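So this first bit is one chain, no partners, the form predicted alone, shown in structure tokens.
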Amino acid sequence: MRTPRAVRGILLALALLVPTVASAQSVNRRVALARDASIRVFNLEGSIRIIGWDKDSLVVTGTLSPGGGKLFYFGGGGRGAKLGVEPRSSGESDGPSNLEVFVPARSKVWIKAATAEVSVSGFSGSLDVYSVSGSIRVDGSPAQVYAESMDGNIEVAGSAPWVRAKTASGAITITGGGEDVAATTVSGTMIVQGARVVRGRFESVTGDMKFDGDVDRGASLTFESHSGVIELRLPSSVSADFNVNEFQGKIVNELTSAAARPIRDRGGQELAFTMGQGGADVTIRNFKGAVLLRRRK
């Protein structure tokens, strides 16, 4: 039986109203670059994976969100390049995009993200990463690392001469080390584990801090918090001079037999002692949180 013309017209109109399933757009672009070129990468949602390689070129592959509102841009060559994913002009989200970017290993890379996860590996140049709530992980031995995320976690797993890590509520984990390392958080936890740091400054407001590593002779380490717990786990072979100031919290010293003494003029207590032959400076200041000095077994 034939379908009446009027019914066919209605069915066609309904079919036009049904949204089609958009497929993800693929990205595959490349350009020749100098080994020390400057590269800027921008992607708000999804992921950004940076891989350093020993080639004079920049290659980016990946997929864009099938939302249809994103615009991929790519340009540059020689001494610099810029690439990224622009969101809709309305600012509305239309899904994540994932980029994998191969860069000259000794280049300078600047990355900006919002919720996108950022990972960097095989890279030995200068790195500057900013994210709002996405996580940041750096592997390898960059010459310089600056990583900042408001709510995302930051992990530096390689050894870099110069490291700066900063969060509001995100956790910070440093398992490499460096000549000059500084980490700051408001309420996130901070773990420095297995790292050899020559000059280090670690600060928090309410977040707990844990340092589990060695202290090289001649090193200078400072730990400060308002109400977070500061815990140091050190081997018995450490040679360092310790100076601890505590205003309202407690001090637990399991490294030596030295005991904290009260500070009469301003309140609180302090603890000063030397392990081994000294030679390194370890300074700890806390207002309300406890200070725990423990031996690593």
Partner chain sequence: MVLRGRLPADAAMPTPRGFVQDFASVETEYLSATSEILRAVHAGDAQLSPATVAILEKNLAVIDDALHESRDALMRDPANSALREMVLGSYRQKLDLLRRVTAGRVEL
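Everything numeric in this text was worked out from a predicted model, so none of it was measured. Numbering follows the first chain given and starts at 1.
The form predicted in complex with its partner chain exists for this protein as well; it is not shown, and the discussion that follows is about that form.
None of 117, 214, 203, 208 but one reaches within 4.5 angstroms of its partner chain in the model of the complex through a heavy atom, and that residue is 203. Checking 139, 128, 180, 86 for any heavy atom within 4.5 Å of its partner chain in the model of the complex turns up a single hit: 86.
Note that among 26-34, 254-262, 47-55, 241-249, the stretch whose heavy atoms approach its partner chain to within 4.5 Å in the model of the complex is 241-249.
Using a 4.5 Å cutoff between non-hydrogen atoms, residue 168 counts as a contact of its partner chain in the model of the complex. Its partner chain in the model of the complex comes within 4.5 Å of a heavy atom belonging to residue 224. Interface membership of residue 155, defined by any non-hydrogen atom within 4.5 Å of its partner chain in the model of the complex, is ruled out. Contact annotation for residue 187: at least one heavy atom lies within 4.5 Å of its partner chain in the model of the complex.
Residues 112, 132 are the ones in 111-132 with at least one heavy atom within 4.5 Å of its partner chain in the model of the complex, listed in sequence order.
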